[in-house]
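As a starting point, one isolated chain is supplied in structure tokens, in the form predicted alone.
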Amino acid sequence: MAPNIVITAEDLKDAIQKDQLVLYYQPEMTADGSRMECVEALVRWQDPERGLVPPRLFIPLAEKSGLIKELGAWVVRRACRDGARWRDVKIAINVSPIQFRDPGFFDFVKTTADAAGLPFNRLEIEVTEGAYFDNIDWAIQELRKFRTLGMSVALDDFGTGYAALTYLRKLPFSKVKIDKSFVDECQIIGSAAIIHAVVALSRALGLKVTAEGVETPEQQRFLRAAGCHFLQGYLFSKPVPAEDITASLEGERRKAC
């Protein structure tokens, strides 16, 4: 696809209505790489003329145009439907700050998962600090609603903004995802120290830790030794279509037999 392609809000709205979107899934593996624990839903736009439109082009447009709620709702519905077929893994859904702040978002997620037959304890909501940074007390109440149902709540991209380690204590998260930028430099003293600190505090608070963007065996060894529970990145798998996840899970089951 040409780099100077122009995408309009009308194009995106039309794509949502015509069901031209597709979900890919990227696994989160146990630290030893032996088992798939969770799959993160990542939206793609398969345009009949332009081909596969990358999210870096249409996600900012969705946020700017106000279509992010409609796009996000499509993702939740499709991810819950796909996830209901996979009994052995959690489904992680990225939630934009705009979505999270919608008063009806919690009820929508609850109703959608229930209708799809996806158990609440196999659904994970991923939020960034933008979802709560300006209103901690309100965010605590909202996040507790998800946790009360048994859903997991992950703090995504930790380390990229202003989030402090103290937020891990205040907010009812169940998982922390360490941003790829730290993983890329995990063998540099400063980044390594931050990773160790995040893992140590998270474990002390009873939180799981996922490291994102793992690409080399050396990174895997470091992160596993540091105490990360789960790893995600191209070392294990790029984002793949739903049928590839089904095949991988079937392969894991055959090995376990």
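Numbers for residues come from their place in the sequence shown, where the first is 1. Just so we're clear, the structure is a prediction, and the values are computed from it rather than from any experiment.
There is another form of the same protein, the form predicted together with a small molecule; it is not shown, and what comes next is about it.
*Asks:* Just give me the single entry in I59, L207, L67, A192 that has a non-hydrogen atom within 4.5 angstroms of the small molecule in the predicted bound form.
*Replies:* The option sitting close enough to the partner is I59.
*Asks:* So in the predicted bound form, are E40, R44 and D156 all sitting within 4.5 Å of the small molecule, heavy atoms only?
*Replies:* Every residue of the candidate spot has a heavy atom within 4.5 Å of the small molecule in the predicted bound form.
*Asks:* Please pick out the stretch from 168-176, 140-148, 87-95, 105-113 that is in contact with the small molecule in the predicted bound form, where contact means heavy atoms within 4.5 Å.
*Replies:* In the other structure, the partner sits against 87-95.
*Asks:* Taking the small molecule as it sits in the predicted bound form, is V214 near enough to touch it, meaning that at least one heavy atom pair lies within 4.5 angstroms?
*Replies:* Result yes; V214 sits at the interface with the small molecule in the predicted bound form.
*Asks:* Just to confirm, Q99 within 4.5 Å of the small molecule in the predicted bound form by heavy atoms?
*Replies:* Contact check for Q99: yes, within 4.5 Å of the small molecule in the predicted bound form.
*Asks:* Heavy atoms within 4.5 Å of the small molecule in the predicted bound form: does P241 have any?
*Replies:* Taking the distances in the predicted bound form, the answer for P241 is no, it never comes within 4.5 Å of the small molecule.
*Asks:* Closest heavy atom of Q26 to the small molecule in the predicted bound form, within 4.5 Å or not?
*Replies:* Flag for Q26 set to yes.
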